[in-house]
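Encoded as structure tokens, the following chain is the form predicted on its own, with no partner shown.
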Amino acid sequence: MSIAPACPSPIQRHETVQMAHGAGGRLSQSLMQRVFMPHLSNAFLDMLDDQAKVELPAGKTAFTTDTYVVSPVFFPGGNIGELAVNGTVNDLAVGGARPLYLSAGFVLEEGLPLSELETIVSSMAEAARKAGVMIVTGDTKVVGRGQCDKLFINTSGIGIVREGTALSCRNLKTGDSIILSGSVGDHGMAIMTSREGLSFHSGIMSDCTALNAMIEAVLDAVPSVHAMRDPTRGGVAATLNELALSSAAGMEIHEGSIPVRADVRGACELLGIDPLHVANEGKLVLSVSPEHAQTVVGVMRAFECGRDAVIIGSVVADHPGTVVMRTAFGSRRIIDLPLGEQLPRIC
């Protein structure tokens, strides 16, 4: 008696992440084809190998990695996906590198709606397109309910450093102008105001964006910029202190020159937080010789992400390793590193 071959059972269409989505079987393949490939498809990722084989132009290679655990994963002005792409792009760009390729690793919580995951993946693809980079390899793991908060994302990035560029936080020189590309505290306050019980009914939006186009234009105009940093966790206060300590240089900034949106300032006052200590995800701090400072500001202001660029202070020979602020009342106070974690899970 002949036995007819059994037809494989159809794959059930789930609307939330299942543990089996991370098991490497049919549901894993279904997740890849349903959610990831329609948005992230490119010649490298389409190979579906365990690695991406890419060609790099000649020059020094920059490499960075970061992990994103922001809560909530959707916030005013963005979500965890575009934050992961833009954050890694910016970490490469502030080192003088042209970002080229990213990897993306996902840790998904069982029960995460696939519609939310697809929205996040789609936003990653759009952020990568805008920044001119490609997501060429990745990985997905699934953990049980309660073992992570919806999803965590790790992104790593590779770029090529511009020839002749030597940006470093050790490069500050006495007399340098310190330039800030725009208002501070937008991202951190957007996260806080969107959390349950902390709504201020405001229009605060995250400043999450890729800065590489603006940075490239700045370096085209002034290749001799000394240092660049993006003031993320710890805010502008942490970044200024890191620059001063690394260069053993003093720094004096002017309170009245630092742009803070009125709604951000109000939210900070309600929470008892200094806006200088609040995270940003689309701002730039740099140090440059004073004779080039106005040129840099002019280049920045030609970009939406730098339209409020301003000189906020200078590097001084006094009090090496210390950042001092001149207040609106003419007094001086030390701007120290933040103590502890004032705003948890903001990136």
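Keep in mind that this is a model prediction, so the values were computed, not measured. Note that residue numbering follows the sequence shown and begins at 1.
We do not show the form predicted together with a further copy of the same chain, though everything after this point is about it.
Undergrad: a further copy of the same chain in the predicted bound form: within 4.5 Å of a heavy atom of each of 74, 123 and 307?
TA: Not a single listed residue reaches a further copy of the same chain in the predicted bound form, so no.
Undergrad: Tell me, please, which stretch of 186-194, 100-108, 210-218, 125-133 lies within 4.5 angstroms of a further copy of the same chain in the predicted bound form when heavy atoms are compared?
TA: Going through the listed ranges, the match is 100-108.
Undergrad: Going by heavy atom distances of 4.5 angstroms or less, which of 167, 112, 268, 172 would be at the interface with a further copy of the same chain in the predicted bound form?
TA: In short, 167.
Undergrad: Under a 4.5 angstroms heavy atom criterion, identify the one residue in 67, 289, 41, 294 near a further copy of the same chain in the predicted bound form.
TA: Contact check passes for 67.
Undergrad: Is residue 302 near a further copy of the same chain? Define near as a heavy atom within 4.5 Å, in the predicted bound form.
TA: Residue 302 lies outside the contact set for a further copy of the same chain.
Undergrad: Are any of the heavy atoms in residue 222 no more than 4.5 Å from a heavy atom of a further copy of the same chain in the predicted bound form?
TA: Residue 222 lies outside the contact set for a further copy of the same chain.
Undergrad: Should residue 23 be counted as a contact of a further copy of the same chain in the predicted bound form, where contact means heavy atoms within 4.5 Å?
TA: Taking the distances in the predicted bound form, the answer for residue 23 is yes, it comes within 4.5 Å of a further copy of the same chain.
Undergrad: Decide whether residue 49 counts as a contact residue for a further copy of the same chain in the predicted bound form under a heavy atom distance cut-off of 4.5 Å.
TA: It does: once a further copy of the same chain is placed as it appears in the predicted bound form, residue 49 has a heavy atom within 4.5 Å of it.
Undergrad: For the stretch 149-170, I need every residue with any heavy atom inside 4.5 Å of a further copy of the same chain in the predicted bound form, listed N to C.
TA: In sequence order, 149, 152, 154, 156, 157, 158, 161, 167, 169, 170 come within 4.5 Å of the partner.
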